[in-house]
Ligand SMILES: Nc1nc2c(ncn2[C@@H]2O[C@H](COP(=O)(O)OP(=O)(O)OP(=O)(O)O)[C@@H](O)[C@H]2O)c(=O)[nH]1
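One chain follows as structure tokens, the form predicted alone.
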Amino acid sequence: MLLIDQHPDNKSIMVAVLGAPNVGKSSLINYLLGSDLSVVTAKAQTTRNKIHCVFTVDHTEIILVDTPGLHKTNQELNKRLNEQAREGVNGADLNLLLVDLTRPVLEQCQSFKDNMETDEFLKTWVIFTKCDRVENYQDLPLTLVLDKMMEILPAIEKGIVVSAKEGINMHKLTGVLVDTAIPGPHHYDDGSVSNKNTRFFATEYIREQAFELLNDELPYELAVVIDEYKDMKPRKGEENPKITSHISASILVNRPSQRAIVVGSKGTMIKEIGMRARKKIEAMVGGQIHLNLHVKVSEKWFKNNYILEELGLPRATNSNRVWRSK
């Protein structure tokens, strides 16, 4: 039954966006949204939490569930990332399985099925990504490939070739999502674009810039927590305060040597991370912020249940025994 204050033609669809690390999930979502809501870097496993990303086409609300890349792992942090991906299908009306055309396609499909650890799937569409990197992609025998993928995953119904970078077939994807949506009320009728708050995205944008600027494996032993997020109230007689929010955040690293790298010579690295992150946060909140970053050594934070919970990563079904203290 439609809510009385919503349009009678309203429709909605929740879509789980799934796939291996670095297949282009966040890039596809950001293109459809028309904004950089999900963090994107050249490094795999940038996304760590499942996030609802919402946009509306006419009277159709499309909720895209961005998920971490599914992969085989024995590490506690990554087990929790996999659990976030598996939970992304809960409540979804449709799965989009993203498959990178520059990598073996059938292997990706089989790996996805194995890592999901279930044979029960909703209807699934295969989204073949990064076609702009494949010469003459139109000539690929994708119909035959799709038939073989259906043998691995019978829930697959169709395939669409896209490129988020070049915009190839992205409007086609939007159109079929609208056509598939179910009549009913919008879940985010207040204009929200996500189920996450600005505090969450502030940590994401800080971590995104750290991933971009730091080399090798360091980003994977790095996390960001907000110590304080304070919205500033206008002073008496002041209509629009110059600084709208004060944010203090800690970048967690595993070892003292990593702290020195993140800080950089004379603080140059952390200053650059902060400057880039501040620009993205200001674009999100629509005002100026004061961002204070510092680096904290928290040995084996990725095995500390208190910190992992604070990062929005609860225990997975196959979690190891981990520390509980901060």
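What you see is a predicted model, and the numbers here were worked out from it, not measured in a lab. The numbering used is simple: start at 1 and walk along the sequence shown.
Another form exists, predicted in complex with the named molecule; not displayed. Remarks below refer to it.
- Among the residues 255, 148, 133, 199, the one placing a heavy atom within 4.5 Å of the named molecule in the model of the complex is 133.
- Of the heavy atoms in residue 43, some are within 4.5 Å of the named molecule in the model of the complex.
- Put simply, residue 99 is far from the named molecule in the model of the complex: not one heavy atom of it is within 4.5 Å.
- At the 4.5 Å threshold, heavy atoms of residue 164 reach the named molecule in the model of the complex.
- Contact check for residue 15: no non-hydrogen atom falls within 4.5 Å of the named molecule in the model of the complex.
- Judged by heavy atoms within 4.5 Å of the named molecule in the model of the complex, the contact stretch among the candidates 257-265, 279-287, 24-32, 52-60 is 24-32.
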